[in-house]
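Structure 1 and structure 2 below are two forms of the same protein chain, each written out on its own as structure tokens.
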Structure 1
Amino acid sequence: MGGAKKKGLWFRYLLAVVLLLIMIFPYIYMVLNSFADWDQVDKKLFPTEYTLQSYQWLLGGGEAVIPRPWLNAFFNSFIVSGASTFLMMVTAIMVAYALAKMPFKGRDTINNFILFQMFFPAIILLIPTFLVIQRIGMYDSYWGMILPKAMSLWAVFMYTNFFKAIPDTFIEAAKLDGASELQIMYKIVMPMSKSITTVIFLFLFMERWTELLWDMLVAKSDNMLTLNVLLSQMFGPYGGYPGPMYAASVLLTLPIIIIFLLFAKKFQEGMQFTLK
């Protein structure tokens, strides 16, 4: 009986390893081809000759005839994604705290409206938002890419549910000690929300980092392009350079992987709460 149980356990481990390899193989293939010699890119399953030629070409600006600002695009992506994520976190925390811990007339209506809005795809507001940004003079600017992404209803929903689970006795005791609402949020609520904050931060940053359509609409000049927009252009005039395309894809995913590894433990704790 014990032997059969042990065999079943080994089978599960083997199946898990096989499924993991299937899932990560496309990324491994992409990384290997980003370092492969250009004569072997997409011609062998596992290239045998490796070089930094793709990264040198990419970071050097691409074709000499039409150089592209790859390093500047990478910098733009960090600015836009970092600022947008920060604003989404701040607005979500403040709105969620008010909805969860500050009773006022119409609170349930606002909660229902947020849930209602979450059922609609954001693309339906794409054109109206673009026209507003254009008319107020934020077209082809950092603010034009950041401000429309400064609010996340999903983050508000997640924080609201989490804050509701925090006992009101902590907040009432802080108010008796003379603490303001901002002090309660900063010193009591947020330290208790580290795990869920990590989950929300990772998802928001990943969503904004991989944004393409909005940045493609708002950014016009080469100096304002993000890495996603520049990478998408490789399928057109730069379609003949698959090696640099793989290299750009690796650079695009690298920050997300690094951030996830840094916050992996907190991410797991936060996911356990969201699955309850």
Structure 2
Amino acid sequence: MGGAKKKGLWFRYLLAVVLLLIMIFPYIYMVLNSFADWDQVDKKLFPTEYTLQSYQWLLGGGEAVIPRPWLNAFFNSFIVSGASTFLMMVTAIMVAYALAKMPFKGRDTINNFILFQMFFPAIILLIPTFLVIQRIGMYDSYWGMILPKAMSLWAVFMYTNFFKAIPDTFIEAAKLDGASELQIMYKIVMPMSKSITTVIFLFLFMERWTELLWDMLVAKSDNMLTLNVLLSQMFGPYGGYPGPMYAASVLLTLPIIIIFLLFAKKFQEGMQFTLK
């Protein structure tokens, strides 16, 4: 009985490993092809000749109007995603704290309106949001990419539910000690919200980092493109350079994987919480 059970367990692990390898095979394929000799790109599942040529092409500039377009785009991606995610976190925490812990007139109305907006199909807003950005002179600028994505209703919703679960006695005790609202948030509420903050941060950053449609509409000049948009524009016309396109894909995917793995443990804890 024990032997059979152990054998079954081995089989399960084997199955899990094989399945995992299949699931991450596209990533393996991407990395191998980014190092593959240019004659072998997309010709073999596992290339046999390797070179750094693709990365040299990518970092050296390739063929483009501005110097080092790929590094520039990589930098843009960080500015846009970083600023956007930071603002989404700050605004979500502020608004959620007000909705959960600060009784004021009109709070329920705001709460209901947020729920209404959350379930409203966002597609309707694409064209007019573009026009708003154009009219306030933010077309083809960082702010144009950042501001319409400076707030996430999903994040507000998650934080509001979490903050509501924090007992009021903690906050009242701090108030009696003379702490201000900002101090309470910074010293009491945020330290209690670490794991959910990790989950929200990761989801927001991942989503912002891989955004295509909006950034594509707003960024027009060559020096404003994010890495995702540049890659999207290049892999059609640059069909002749498949190797460097894989290298660019690695450049785009690696940071997000590193950030995710750094927070993976906290992320799992937080997920267990958010799903319950």
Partner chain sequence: MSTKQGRMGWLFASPYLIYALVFFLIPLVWSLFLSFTDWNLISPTFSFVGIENYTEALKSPGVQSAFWVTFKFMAVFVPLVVASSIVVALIVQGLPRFKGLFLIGFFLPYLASGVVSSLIVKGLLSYNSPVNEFLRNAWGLDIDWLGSPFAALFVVAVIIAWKFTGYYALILTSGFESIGTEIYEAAMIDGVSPWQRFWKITFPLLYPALFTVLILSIGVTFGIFTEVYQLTGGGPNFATNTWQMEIFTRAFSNLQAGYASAIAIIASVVTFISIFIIRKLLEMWGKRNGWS
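The term rigid core refers to the maximal set of C-alpha atoms that superpose within 1.5 Å between the two forms. Computed from a predicted model, the values in this text were never measured in an experiment. Throughout, residue numbering runs from 1 along the sequence of structure 1.
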Assignment: the form predicted in complex with its partner chain:
2
Rigid core fitted, is the C-alpha displacement of K175 between structures 1 and 2 2 Å or more?
no
Once you overlay the rigid core, does the Cα of F113 travel 2 Å or further between structures 1 and 2?
yes
